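The form predicted on its own is given below as one chain in structure tokens.
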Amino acid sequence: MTKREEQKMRKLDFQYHMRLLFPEPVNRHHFTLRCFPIDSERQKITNLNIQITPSHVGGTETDSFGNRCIYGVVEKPHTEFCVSVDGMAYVYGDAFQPVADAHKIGMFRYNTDLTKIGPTLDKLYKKLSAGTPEKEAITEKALRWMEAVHSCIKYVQGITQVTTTAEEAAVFGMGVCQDYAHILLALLRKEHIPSRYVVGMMTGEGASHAWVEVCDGKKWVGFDPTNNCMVDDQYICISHGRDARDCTINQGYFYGSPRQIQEINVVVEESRDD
């Protein structure tokens, strides 16, 4: 790695911990995990260490969106399931993910059940569209609309759920990063602008985070409506898809207790490794 490359990048140490607690023992626990950042043009991952307890990994695969998945099954009874991922990310501040497989871009132009526009979002869309400057660039529009989304809802935990739609969050006027991202996606896709949902980590966060990437024709550009800023070298991407369902971190089923408690802790900080 050249000194010029080192100057353009930020070195981030990251730790991702997920813990599932079951009030009563469960068994035949089938799981698929998406919590592993992978290499791309904007980030390089090194020293990756993955620990899954109980350890019964069946294998790894790449889903249709290019996300890394680890799957397996725990046959024996257990009351706790833990996943720990840590490593270092070299994130390039002036690099973007180029558009690959152009034939797959179409799926990101249209809204899903979670991003479908209703009366409240339609009203916001018409207001934003009315103020659109002539020949406005896609990234300029995304930036302007991101600012509007940031202003239209308040960050409040516990109001929305993983199944909450963009329209419902807009009606509530409250939500978390998932809701901010879904609302921005809904508006951009109303214009048929290719936009995708991204899950990742960022410095200063205590949990995983979600934002939006917009295709400008040549590359994917990141926008974080929750924090009202462009995505830069303090963000580590884990997965992307059409909406939150495509990026579910922990997916599967088990036999036993119908209840579970999920704890997630994320730490991302500047690396001290010189």
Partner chain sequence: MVKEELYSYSDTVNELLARYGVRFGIYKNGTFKEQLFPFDMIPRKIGRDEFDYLERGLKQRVMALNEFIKDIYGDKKIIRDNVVPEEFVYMGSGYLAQCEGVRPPKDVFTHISGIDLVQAKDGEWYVLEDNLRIPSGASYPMIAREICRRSSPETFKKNAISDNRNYAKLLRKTMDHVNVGGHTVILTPGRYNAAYFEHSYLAEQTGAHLVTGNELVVENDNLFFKDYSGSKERVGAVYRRISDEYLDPMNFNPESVIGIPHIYDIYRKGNVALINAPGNGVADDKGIYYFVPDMVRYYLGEEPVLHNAPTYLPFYPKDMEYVLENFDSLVLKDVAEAGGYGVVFGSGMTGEEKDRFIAMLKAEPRRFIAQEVIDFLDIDIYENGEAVPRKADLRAFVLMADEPMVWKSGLTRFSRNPDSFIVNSSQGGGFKDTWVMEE
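The shown structure was predicted, so the numbers you read here are calculated from the model rather than taken from an experiment. Numbering follows the first chain given and starts at 1.
As for the form predicted in complex with the partner chain, it is not shown, yet the points below apply to it.
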Would you say all of T32, T60 and R242 touch the partner chain in the model of the complex, counting a heavy atom within 4.5 Å as a touch?
yes
Which one, M107, I193, V156, V171, lies within 4.5 Å of the partner chain in the model of the complex by heavy atoms?
M107
Which residue, G118, G72, P77, G87, is the contact with the partner chain in the model of the complex, using a 4.5 Å heavy atom cutoff?
G72
Can you work out whether S64 and the partner chain are in contact in the model of the complex, taking contact to mean some heavy atom pair no more than 4.5 Å apart?
yes
Contact flag, Q251 vs the partner chain in the model of the complex, heavy atom cut 4.5 Å:
yes
Heavy atom to heavy atom, is K135 within 4.5 Å of the partner chain in the model of the complex?
no
Stretch from 197 to 205, 122 to 130, 136 to 144, 108 to 116 whose residues place a heavy atom within 4.5 Å of the partner chain in the model of the complex
108 to 116
